[in-house]
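In C-alpha cells, the next block holds one chain alone, the form predicted alone.
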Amino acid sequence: MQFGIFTVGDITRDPVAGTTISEHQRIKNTVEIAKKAEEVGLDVFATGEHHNPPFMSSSPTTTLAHIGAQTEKLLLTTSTTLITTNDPVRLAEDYATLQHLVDGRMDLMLGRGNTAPVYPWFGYDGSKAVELTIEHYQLLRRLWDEDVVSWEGKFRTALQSFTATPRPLDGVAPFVWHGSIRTPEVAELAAYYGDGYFANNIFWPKEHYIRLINFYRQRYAHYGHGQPHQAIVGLGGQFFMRKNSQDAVNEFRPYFDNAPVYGHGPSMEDFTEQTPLTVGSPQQFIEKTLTFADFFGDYQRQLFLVDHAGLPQKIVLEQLDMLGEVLPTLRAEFDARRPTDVPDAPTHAARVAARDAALAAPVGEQVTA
C-alpha cells in the first residue's frame, strides 16, 4: 500500500490570520511540503495542474523535476495532468524526460479537469471533453509504446513516421492512473489498458464512488487483466488531526467554512459524516481511513489533501508530522487485511522486472508485462 499526499496548488486567504501568501511563497512551500513528505515516511507526492487563479500549479513537470532533484525515495506523480487540453506529443516528451531525470521514480495521473474556461484557452471545445480524453490518451499510449507512429485523429494535426523523444526509460512507459469523479468512460478507458483508476472521493458520499470503482473493477476483469479485486485502485482523502479531537474541530472549522470547494456549503459535521474527511484525533483518523477498504475493496494507493483552504505552512507541516506518526499503524492494518493475490501498486522497477520475465518465458508461456 502506497501512502502519500496531493496538492491542488490553491492560493487561498488564511481566514484566521487574514493574510494571503504570494505565488512565489506558495511554490516554495510546495517543494518544502514534498520534502517533508519524504522525511516522515510517505511514499508519494502529487501535484495538480491548473491554469487559472487561485491556483499556481500550471507546470507540474517543472515542479516535480525540482522536487526529484531534492529527494531520494519519494515517488512523484500528478493529480491530475490534463489529458484534454495538453498536446499528447508534449505529454509523451515531458513525462518521459521526467522519468529519466528521477530514474523511474514517477508515474502520472490523467484527468479531464473541472474548469470549463480552460478549454478554449488551449484551442479546444469543452463539450468534447470525453472524446478528447479518449483520443489524446490513445495517441499518448502509442507514442510511448511504438518507436515510430503514423496517426490521424479529429483533434490534432496528423503525424507521419513520428518518434517521440526521449524514449521511455528502460523501454517501459510511465504507469498511468486515470483520475475521475463522475465519468464511466474514464473508468472504461483505464480498464481497457489495464491502467490504474484513482477516485478522488473527497467531495461526495461514498456510494457515488463505490459504483464507479466497482464498474472499473468489472471492466478490468472483462479485458483480461485479472480478477476484479486485483484491479489497481487509488483513493483520495482529507484530514485534520490534533491529539484532542475537539481541538482539531475548533482549529479547522474556519478553514473548512471558507474552503474554495466546499466552504459555505454543508456543515463540517455533515461533510465528515458523508465523505472521507476526518477532523479529530489520530485514532479517529486511523479508524476512518481503515473503513475505506470496506467500502471500495482492497486498493493500492491512498493520497491525502493537507495543504489547502489557506492553512498556514507551519500547520501543514505539523499535520504531516502527525500523519508520519500514524503511518506504521495504517501500513500494518492494511497489510494484515489484504489478500495475498491483490497486487502492490505498480512501480517502474517492478514493471521492468515483469516485462523481462515475460520476455524470458518459453514460447507459449509468455504473459503480458
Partner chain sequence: MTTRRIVVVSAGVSDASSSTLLAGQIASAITRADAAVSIETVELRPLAHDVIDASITGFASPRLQHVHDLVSQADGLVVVSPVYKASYTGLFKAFFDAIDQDVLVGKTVLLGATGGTARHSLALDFAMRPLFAYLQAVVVPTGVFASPHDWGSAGAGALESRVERAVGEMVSLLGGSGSGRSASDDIDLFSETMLSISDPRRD
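Since the structure is predicted, the reported quantities are computational estimates derived from the model, not experimental observations. Numbering follows the first chain given and starts at 1.
What comes next is about the form predicted in complex with its partner chain, which does not appear here.
Mapping the unseen interface onto this chain, P168 falls outside it, with no heavy atom inside 4.5 Å of its partner chain in the predicted complex. Looking at P205, you'd find a heavy atom of it within 4.5 angstroms of its partner chain in the predicted complex. A residue is said to contact a partner when one of its heavy atoms sits within 4.5 Å of a partner heavy atom; L189 meets this definition for its partner chain in the predicted complex. Proximity of R211 to its partner chain in the predicted complex: non-hydrogen atoms within 4.5 Å are present. Shown without its partner, this chain lists P120, P228, P254, P266 as candidates; in the predicted complex, only P266 has a non-hydrogen atom within 4.5 angstroms of its partner chain. Listed residues F162, Y124, F296, F271 were compared with its partner chain in the predicted complex; F271 is the one with a heavy atom within 4.5 Å. In plain terms, the part of the chain that comes close to its partner chain in the predicted complex, with a heavy atom within 4.5 Å, is 126-134 out of 100-108, 74-82, 126-134, 87-95.
Residues R142, E146 and R219 are all found to lie within 4.5 Å of its partner chain in the predicted complex, as judged by heavy atom distances. Counting a residue when any of its non-hydrogen atoms is within 4.5 Å of its partner chain in the predicted complex, there are no hits in 11-31.
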